[in-house]
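Here's a solo chain for you in structure tokens, the form predicted on its own.
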Amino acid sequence: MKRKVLSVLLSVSMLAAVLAGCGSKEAEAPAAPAQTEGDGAGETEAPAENEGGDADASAAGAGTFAIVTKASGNPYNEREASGFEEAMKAMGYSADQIIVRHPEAATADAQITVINELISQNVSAIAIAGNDNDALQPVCEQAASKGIKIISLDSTVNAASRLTHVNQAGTEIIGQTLMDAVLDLSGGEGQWAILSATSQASNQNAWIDAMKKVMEGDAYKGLELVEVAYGDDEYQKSVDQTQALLTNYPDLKVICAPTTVGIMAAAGVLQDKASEVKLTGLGLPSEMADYVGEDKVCPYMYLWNPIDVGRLGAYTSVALVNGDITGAAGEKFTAGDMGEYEIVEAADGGTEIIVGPPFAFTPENIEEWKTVY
């Protein structure tokens, strides 16, 4: 359990730094999430009619800025959107310059409908958490042709569809972190499974590919990945997929769910069945606090602050509209009180901005963090 001990020590150290107000981007103490107006499907936060983004400008500057999440009803998405709103308001933008859209379903088609509506509103920028890496390209290119600045955040659209991407954490470090957790919780051998979101989600697929690459190392040769199941970021489907994994693989030792909806659904199933299968992955502390513990179904898990992902998305959108950056690798800009960030090359040939490394939530810190997000 050496890795687990190291993970706990890292988490405690990082938490102490946060509470000390060190100002580190990697583990900055997040503010309590603001209530996001327009959380329902297709709702919009009082967008003003904005011909070319010149009307109703606040002292911060002209323009209307939109965020499009994956789908409505997802707490992670809501917190991400609240961070976007928070940063926009901190920069002095008014409510009628901020648009929050949660599509009706976690599909590319639902997002295409929303983006078309935003194009017709002549918004200045759109930050989108892509449900499909490639299917959104035509509508993103159409938006760009109208002068709209397009970025992705959380989950990419392809490099041809965006100026840059706001990435929660580096893909390789997420893959390594999750595989080390699986190795630890399994005791170094046995069957394990992945419970993912949708099969088209670019971030999920990139993390899974990174995990598989890590598995090629000798330290992981005792592990057998039996299935990658897809719960489509729907709670009930994720419950069903978890139950199927337990039925189909009676010797299963670990489930890794790199999705906040999936890990919560799996935790409920494992607890109800008093299963000996252990769980790890990426989860919201507010939703997972009852399941995290030495003798509980999820000994520890990871995540970043989705509020900060949304905040950095807002700062990036404004910097692009103001001409402070173009999205090219090597450019730097200041994201308010988050500090300075540098745009770097991404593995898909585009560029990205990395918020920071994953943070470990353990029995020692979960109670403090569950009230934050």
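Note that the structure is a prediction, hence the values are computed from the model and not measured. All residue numbers are counted from 1 along the displayed sequence.
Keep in mind that the form predicted in complex with a small molecule is not shown, yet the notes after this line are about it.
At the 4.5 Å threshold, heavy atoms of residue 233 reach the small molecule in the predicted bound form. Although the partner is absent from this view, residue 259 contacts the small molecule in the predicted bound form, with a non-hydrogen atom inside 4.5 angstroms. Contact annotation: residue 132 falls outside 4.5 Å of the small molecule in the predicted bound form, judged by heavy atom distances. Though the partner is left out of this view, residue 341 does not reach within 4.5 Å of the small molecule in the predicted bound form, counting heavy atoms only.
Only one of 177, 82, 241, 168 lies close to the small molecule in the predicted bound form, with a heavy atom inside 4.5 Å, and it is 168.
Scanning 100, 143, 163, 197 against the small molecule in the predicted bound form with a 4.5 Å heavy atom cut-off leaves one residue, 197.
With the small molecule left out of view, the stretch that reaches within 4.5 Å of it through heavy atoms in the predicted bound form is, among 318-326, 302-310, 331-339, 344-352, 302-310.
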